Every structure is written in structure tokens, then in C-alpha cells.
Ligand code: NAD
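Just one chain follows, in the form predicted on its own, and it is written as C-alpha cells.
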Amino acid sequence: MLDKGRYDESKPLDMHNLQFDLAAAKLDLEPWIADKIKHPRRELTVTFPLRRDDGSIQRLTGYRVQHNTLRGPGKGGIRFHPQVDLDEVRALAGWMTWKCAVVDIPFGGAKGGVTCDPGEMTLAEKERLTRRYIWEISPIIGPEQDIPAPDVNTDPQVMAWIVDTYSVFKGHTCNSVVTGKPLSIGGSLGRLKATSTGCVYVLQEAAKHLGLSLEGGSAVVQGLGNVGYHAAELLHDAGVRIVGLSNVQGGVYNPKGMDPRAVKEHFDKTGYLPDYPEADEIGNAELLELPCDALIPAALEGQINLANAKRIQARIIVEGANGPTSPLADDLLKERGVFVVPDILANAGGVTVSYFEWVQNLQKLFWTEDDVNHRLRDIMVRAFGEVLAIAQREDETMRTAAYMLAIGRVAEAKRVRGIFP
């Protein structure tokens, strides 16, 4: 019997390992395979100087972890954040492996990050940071090796700087080194909203499974970044009342609903979200506990845990962020009738359309946005059905079922490839 007490909820790597161990135990994997695919294949730590605008020099540390490349090149974002450390990047890289496998696209998992506060940097400093970090990790990334993408505090502009820096390193233009690029240099239509669109697709499937009507229902979204904002926007346009929204500053609540565009316009104009005049101010912890049909945590990991799971009132949780719910809280949420669509399934729309972008770059043939969204919907609906079938057959949470599906696919790849030499 697995001793869950030895895993620390506050540590993303512990949560990744617990999720793996729970599912791997159900699959009865060969020990050598389980040990091989649980841990990262390659880790690179780099330190480099950043020249600030005032002429001072700051030493920064960055990471790139390639967790698994059995099913294809590594795939995973790059984040700039003060809390980035090696264990967090290891966990995030592992989650990318399982995310790609659960939707059955031919990528492995990777992740990168730099420990820094981009909020205190000018645009020029952020560009120098990006270019120097990419120069340091250039030997281990590439279209056939490891393909970065946007993540926390990075965006299409950062991806454009990466393309340029890597192309200088290689001596020729190489658009396919990253995904999530601007359209002008090979980005894909539909990529900007892809993670949010995928979240909405699986939310619709979950509501259908539970017999709930989303139109006229209510939703709470934690996080007003790319994923959270566009998810709120899409749901609002589909007739769902957005009753709660938040960012790192705090949140706002209006049981009658809010237009997320108006909330974002207020934030963009004033720089402060919680004083939006058409709603009441609310803390992020309280926001998660609001009564609603759907809760979309789309901020950072570790938001829902044993301490607050008993107060969650949502009927469905769709994890827009990576690792927002502790697996230690899953059984409690399940007992209380909360249906959780786990991160490796719920937010896989982003990496799925990143795969589409990569394919388009390699073929030099681009698709319409309708084509992209149609293909995305097919993949997300199919994956949801496969995970749900396992959850029902095994009487397991959707998270364990998703990991069983993903780990099984990666394990089979290792089994048939074998050990070399």
C-alpha cells in the first residue's frame, strides 16, 4: 500500500511522483521500466550574466530538463518567475511527458525556466535575458530534439527572440525550434487560445457526462493570464456566467456575472484588478471556494489541497494550470461529488496545437483556424472519452485514469525500444 504521508503537498516534484506512483502501481509495470520513465533523462543548469539598463550586471540561473523523449522530441514551455527551481522544472517536465501521451501526440516532455522577476525588468532587459538563456541551452534544443514554447511570463514575442537567437546559433533560419510564435514567422492560427479552447472542450464533455447544462450556468476562473482570460472569454460568449475572476493581486466576485473583457480592460487601464467597480473584492483563497458549476484554476500549482478541498463548492474542476490540485485531495473531492478533469488532459490543448504548429512548419503548409480547432476538438474529445472509460472501469479518479493511460503508452514505447546497449 502506497504511503501518501511521505509526499509533501507544497513540493511540485513530490506531487508529480505521487501521481506517477499511484498510476504505476495500478499498471503493475516492470520495475526497470517504471524507474526509467519516472525520472528525467537529461538536466541542464546554466548560470549567465544579465546586463541591466543601468549598466549593472546580475547573475541568473536557468534550467532545461528533458524528462522523456521515447515517443518523440521533448516538448515544453519556458517560464520566467522568481520561484523557478530545478525540482519545479523537473515536475513540470514530467507533467509534459504525460500530457503529450494522454492525447497521443508524438512528443516527449521537457520544461525550462529562469529564476528571475520579469516584472522588474524592462522589455530590453527581458530580451537580453531570453537571448542569453537560449544561447546557453542551444546545444540541447532543436526541432528534432526539444521544442520550447511559452509558459508563465513568456509569450509570442519571447518565442520570436528565441527563433532569432537559435537561428544565429545554427547559421540558418529555423522557425520550427519553438511553437507559440507570432504568425509572421510561422506561428499557427488558433495557438494563442488553444489551451483555453481545449479546456472548454473538455468542460463541455464533463458537463455532458454529468447531465449539466453550461448555458446559464456559472464559472469561476483563477488567473487572468493567457489561459484564464481566454477561457473566461470563451465561456462568457457561450452563455456561461463568469461570477469570479482573479490574478495575483486578488479577485472579484459578482453572482450575476461579469464580462471578462470589461474586467481585463479595467486591469489594463488601472493596473489593479480587485477594485473593478462592477463586482466585490475577494481573495484568491475565497475565490476557489465560491459556489459555481465550473472552477478553472489557471494560475500556478498547489492551489487546491487537503486544507481547502472540503470547502470547494464547484461541481466540475477543469485544471487550466499545471498541478493546481494536490493528488492527496483527489479522493476527498471525489467523495464530495466534485468531478476533476486533471491538468494533463484539461490543458493539453496548448501542446496539441503546438504539435500542429510544428507539423505545419516542417511541411511549410499552413492550416485555417477552423481546421486547427476541428482537429483540436477531435483529439480532446477522444482523449476525454478514453480517460473516462478507464476511470469508470477501474473506479478511479480521472487523474489516476489519465496517468494510467499516459504512463501505459510511454511504458510500451520503452518496452519495445528496450535497453541500449
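Start at 1 with the first residue shown and count on from there. Every value quoted in this text rests on a predicted model; they were computed, and no experiment measured them.
The protein also exists as the form predicted in complex with the ligand; that form is not presented, and the subsequent description refers to it.
Though the partner is left out of this view, N322 does reach within 4.5 Å of the ligand in the model of the complex, counting heavy atoms only. Although the partner is absent here, G223 lies within 4.5 Å of the ligand in the model of the complex, judged by heavy atoms.
In the model of the complex, the ligand sits within 4.5 Å of a heavy atom of K99. With a 4.5 Å cutoff on heavy atoms, V152 counts as touching the ligand in the model of the complex. For the candidate spot formed by V227, V248 and N284, every residue has a non-hydrogen atom within 4.5 angstroms of the ligand in the model of the complex. For the options T130, S188, T195, S326, the residue carrying a heavy atom within 4.5 angstroms of the ligand in the model of the complex is T195. Residue A298 is the only one of V178, A298, A231, L295 with a heavy atom lying within 4.5 Å of the ligand in the model of the complex.
Residues within 4.5 angstroms of the ligand in the model of the complex, judged by any non-hydrogen atom, belong to 314 to 322 and to none of the other stretches in 314 to 322, 200 to 208, 327 to 335, 136 to 144.
Taking a 4.5 Å heavy atom cutoff to the ligand in the model of the complex, the one contacting residue in 105 to 142 is K111.
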